[in-house]
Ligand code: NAD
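There is one chain below, alone, in structure tokens, taken in the form predicted on its own.
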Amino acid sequence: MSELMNSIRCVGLVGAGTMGRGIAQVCAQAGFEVKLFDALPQVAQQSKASIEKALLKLIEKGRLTDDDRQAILSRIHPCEALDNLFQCDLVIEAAIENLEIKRELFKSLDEGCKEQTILVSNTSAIPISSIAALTTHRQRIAGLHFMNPVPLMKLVEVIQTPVTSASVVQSLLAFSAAIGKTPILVKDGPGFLVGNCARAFYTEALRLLKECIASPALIDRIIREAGGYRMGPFEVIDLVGLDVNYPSSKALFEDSFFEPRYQLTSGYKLLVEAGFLGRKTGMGFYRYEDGQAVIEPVSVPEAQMNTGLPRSAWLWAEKSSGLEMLTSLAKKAGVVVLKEPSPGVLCLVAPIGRDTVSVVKQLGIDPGSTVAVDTLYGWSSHRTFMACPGVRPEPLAHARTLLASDGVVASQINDSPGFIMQRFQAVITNLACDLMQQGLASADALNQGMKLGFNFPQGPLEAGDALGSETVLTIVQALYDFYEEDRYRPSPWLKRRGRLGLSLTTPD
């Protein structure tokens, strides 16, 4: 077989739904000729009409001229048969997420397309090697996974199978840049990079909910306000739809031979089976009225509503920086800081990765007077505090008042190792470390992929380095020790770097 061409001028699209339509638009806007085919009659024509409406909106915003619109539309050619795409330089499959359908499509494309045509799938989760199983010329087959909505999202994953040729990879990287996208190179496998790493964003939130650590609304709020994420996981699931997120998450769990890190919860399954699919049905993890989520106010028992500050408190933190925060807050509020714990007096502690009960047992202090607060996340934006089961109302009320005394919101959750944000971020970073250990992508690609493809405020490895690799390892190890589940086992990549205090991006 002759060397595949590096120059791509004509792009074929198989599938003219939401993704295919978006890909066609960005390709035509970048100057490529586009042939658009869909198995359903008239869909390709309808998609071109939808693209025209999208372009008109860009004209209204001053981003295009009418001459631009006409030129772009002139480059989009709806087709009635698959063989109309056989002379294209690149064919992108954006059909339904069904392995057998994709296999038959690629078999037909491989047999019919010219020798130099590059064939790629836009699948979000199915391994490219599986899709290419019935083809002969596998060296020209790869993945090109766009994010939705395609015209707005900058990231595209270039998926390389073990037999994809280097020239195909280079052509796809160059093509992605030419249509205004930021490409990252990813090794083939279930879920690829973004779909893989994003699972921890959902599954750890589901685990917190299953344990009744907090409500979906409070978990989301803490993740947004204390963690800096644009949206909380339950907001995202409801927006995308449980009927979309659940099957893809379940498939990744099964395709990874039931890897515990990807395990879902029975409560999630019940919502799906009940038809509570998110915004589209008016009910999911939230209830919706007129398109808006209904957030029930958090009620605090009257016995815990004492708004007075404590006269004194004993403070302890796992890190010196945490103790400085607690001490500064107490002094600012006029609270006397005791050198030793005293019976009945508030003990305010700041553990890392552990629950309140574990700290109480370690320090030998009164569980009824002890309250724990997270000093790693949200200290200046949204504080999270928790206490042992059976904590007395007065110390809890004192802690609540003290923690909110400088105007920062303070929310109570049930006792949890690692609060919410500590364990949430550590689990995401630990999974990212596992993907690094597997050689799925480079550290830069992993960080950039999650920021551009999933709107993370920091890449998972960057977030880990911001905490410190030792601290991340401490949290993950504490979770593993507490639950004794493989779900929380520390990644070898994290262990080696955390023990040495190295950046999580340090290569082997």
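Residue indices: 1-based, along the sequence shown. What you are looking at is a predicted structure, and each value in this text was computed from that prediction instead of being measured.
We do not show the form predicted in complex with the named molecule, though everything after this point is about it.
Remark: F146 counts among the residues lining the named molecule in the predicted bound form, judged by a heavy atom distance of 4.5 Å or less. Within 4.5 Å of any heavy atom of the named molecule in the predicted bound form lies no heavy atom of E225. Within 4.5 Å of some heavy atom of the named molecule in the predicted bound form lies at least one heavy atom of G15.
Shown alone here, V43 lies within 4.5 Å of the named molecule in the predicted bound form, counting heavy atoms only. Looking at 60-68, 32-40, 447-455, 464-472, the stretch with residues near the named molecule in the predicted bound form, meaning non-hydrogen atoms within 4.5 angstroms, turns out to be 32-40. The single contact residue among K102, R140, H398, R207, judged by any heavy atom lying within 4.5 Å of the named molecule in the predicted bound form, is K102.
For the options S124, S215, Q437, S405, the residue carrying a heavy atom within 4.5 angstroms of the named molecule in the predicted bound form is S124.
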